[in-house]
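A single chain comes next, written as structure tokens; it is the form predicted on its own.
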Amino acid sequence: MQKKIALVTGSSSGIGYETALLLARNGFHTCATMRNAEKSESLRKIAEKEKLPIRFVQLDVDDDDSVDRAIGEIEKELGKIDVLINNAGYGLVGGFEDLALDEIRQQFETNLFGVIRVMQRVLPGMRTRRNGIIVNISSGAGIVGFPCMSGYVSTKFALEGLSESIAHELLPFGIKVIIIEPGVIKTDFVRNSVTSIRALNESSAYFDILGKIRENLILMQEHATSPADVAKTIFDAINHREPNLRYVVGNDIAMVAEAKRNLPEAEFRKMMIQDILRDLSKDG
């Protein structure tokens, strides 16, 4: 039986890394893609040691030519892609007033248009075969808005709407769309996040709020969900005959999402900011 071909973007670390490993260990011919090919060393060592069917491909989701070249090479060598996992992305943090328009544009370029770029390149092959699975890694930030993360949250809300819309139109062609919504995950997300240039200035009105949010995220990451758990959710979903559209991963975001559904809006908003306000009032 021919191995299914899976493409995972953003495979150099975190969720993409663990997903590429899990798929390859379970018989998928996995194409682990990343913007910087030099970051593939760790995954390469495991693949060589375990003799895993992983092909490493340089792919920058922000670049049309890079996407077309990389997927063209994969299709020529291995065949059409059966499973696409859109994981590449990063976080932009800072008060909304402090976000430069170019910083917001770049956030959307990677987190949203990068996903669109890869999907539109892969979809014709899936549609022709009337078979395929697209997994879009959203976030708990695609369910709930968080202070000082409006740029990032906006891309994830947009990704949610895009994914839900195309799920309906692709279903007649045998293509399934799955949205994964992780909470805080034990990865380098905070360290790799980009802070708006103006937000770094201590004179910013949001400087103290951003500091508290960073502190909270770092503390939460100490006991956060493992990226391997997210990878397992992805694996189980793509192997399910009738997968759900959405999968929430992590007790933290599951509780927040439930609170948003059940609490009056005013109470929920108070819950979301009470820790920050309490800490800031203590500092005052």
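Numbering starts at 1 and runs along the sequence shown. These figures come from a predicted structure and were not determined experimentally.
A second form of this protein, the form predicted in complex with a small molecule, is not displayed here; the remarks below concern that form.
Visitor: Taking 4.5 Å between heavy atoms as the contact cutoff, choose which of Gly95, Gly132, Gly183, Gly151 touches the small molecule in the predicted complex.
Guide: Of the candidates Gly95, Gly132, Gly183, Gly151, Gly183 is the one lying within 4.5 Å of the small molecule in the predicted complex.
Visitor: Considering the small molecule in the predicted complex, find the one stretch among 168-176, 120-128, 137-145, 97-105 with heavy atoms no farther than 4.5 Å from it.
Guide: Stretch with heavy atoms near the partner: 137-145.
Visitor: For Lys39, is any heavy atom within 4.5 Å of the small molecule in the predicted complex, or not?
Guide: Although the small molecule is absent here, Lys39 would touch it in the predicted complex, with heavy atoms inside 4.5 Å.
Visitor: When the contact criterion is heavy atoms within 4.5 Å, does Leu23 count as touching the small molecule in the predicted complex?
Guide: No, Leu23 stays farther than 4.5 Å from the small molecule in the predicted complex.
Visitor: Heavy atom to heavy atom, is Ser196 within 4.5 Å of the small molecule in the predicted complex?
Guide: Flag for Ser196 set to no.
Visitor: Verify the contact flag for Arg246: yes if a non-hydrogen atom of it lies within 4.5 Å of a non-hydrogen atom of the small molecule in the predicted complex, no if not.
Guide: No, no contact at 4.5 Å.
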